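As a starting point, one isolated chain is supplied in structure tokens, in the form predicted on its own.
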């Protein structure tokens, strides 16, 4: 399984990641096709190496493989990984994730960076909202905090760098943009992304038995709702400090 579009670099590429892990790189940058390869690899490794693999963490273009050092060692896990990956076909990559629609209340009271994003990109606030809701985003990775999904890619019309000085507290449910990515803060935390609105959808509920309803490979669509709808659905209108 190789990707000839990655600047002549041969993939997959296996790199040590400590005493009990190997990272499998399948490409570079943000790419749907590479991310599909990552998911196909994760499925195959889970099925064929279940006797020695403890955990798998898929990301944009890589797969972290944690293995049981009491049952295997790095040379053996590398050999088995290469064999598993070489057996993958293009058909294995055709995996469709779930589609999620997330309501967002776009307003400066809960999206303090809306006006600045509009000014930075020479457009109106309505243009920012329109551009953000027109895209269908792919979940490329999970991380930073439990339930935090990195979604891409944002329209070039509204791409905006991270804040120079991160905020000390971002309210749970805040919808944000940073460069070519967008995300929802699943719980209150510090953060340096540009906040454009807030959702009432809960994306981190450990009591439910799953960390998040979102998984790598899923699709996310945002749609605008009124303040009344947002409040009716349990949304928090507290302004960011």
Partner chain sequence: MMRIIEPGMRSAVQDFGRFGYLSKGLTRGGPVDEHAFLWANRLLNNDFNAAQIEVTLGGFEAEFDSDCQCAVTGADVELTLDDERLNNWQNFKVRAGQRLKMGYATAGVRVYLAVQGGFQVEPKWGSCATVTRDAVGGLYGDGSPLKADDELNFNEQEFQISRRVGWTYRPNYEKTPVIGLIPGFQYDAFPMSAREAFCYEDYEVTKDSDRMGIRLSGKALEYDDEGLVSEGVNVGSVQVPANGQPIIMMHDRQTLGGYPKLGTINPFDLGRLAQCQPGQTVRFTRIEGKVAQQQLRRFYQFFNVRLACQAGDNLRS
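Numbering follows the first chain given and starts at 1. Bear in mind that the values here come from a model prediction, so they are computed numbers and not experimental data. Definition used throughout: the rigid core is the maximal C-alpha set that superposes within 1.5 Å between two forms.
Below, we turn to the form predicted in complex with the partner chain, even though it does not appear here.
Taken together, the three residues 17, 57 and 68 all come within 4.5 Å of the partner chain in the model of the complex, as judged by their closest heavy atom.
With the partner removed from view, the residue among 156, 126, 73, 79 that has a non-hydrogen atom within 4.5 Å of the partner chain in the model of the complex turns out to be 73. Note on the partner interface in the model of the complex: the residue among 215, 180, 200, 48 having a heavy atom within 4.5 angstroms of the partner chain is 215. Contact annotation: residue 142 falls within 4.5 Å of the partner chain in the model of the complex, judged by heavy atom distances.
In the model of the complex, the partner chain lies farther than 4.5 Å from every heavy atom of residue 97. Contact between residue 62 and the partner chain in the model of the complex is found at the 4.5 Å heavy atom cutoff.
In the model of the complex, none of the heavy atoms of residue 111 sits within 4.5 Å of a heavy atom of the partner chain. You can rule out all but one of 142-150, 167-175, 79-87, 101-109: in the model of the complex, only 142-150 has residues with a heavy atom within 4.5 Å of the partner chain. Relative to the superposed rigid core, the position of the CA of residue 190 differs between the shown form and the other one by less than 2 Å. Relative to this form, in the model of the complex the C-alpha atoms of residue 198 and residue 210 approach one another by 3 angstroms or more. Relative to the shown form, the Cα atoms of residue 208 and residue 39 move apart by 3 Å or more in the model of the complex.
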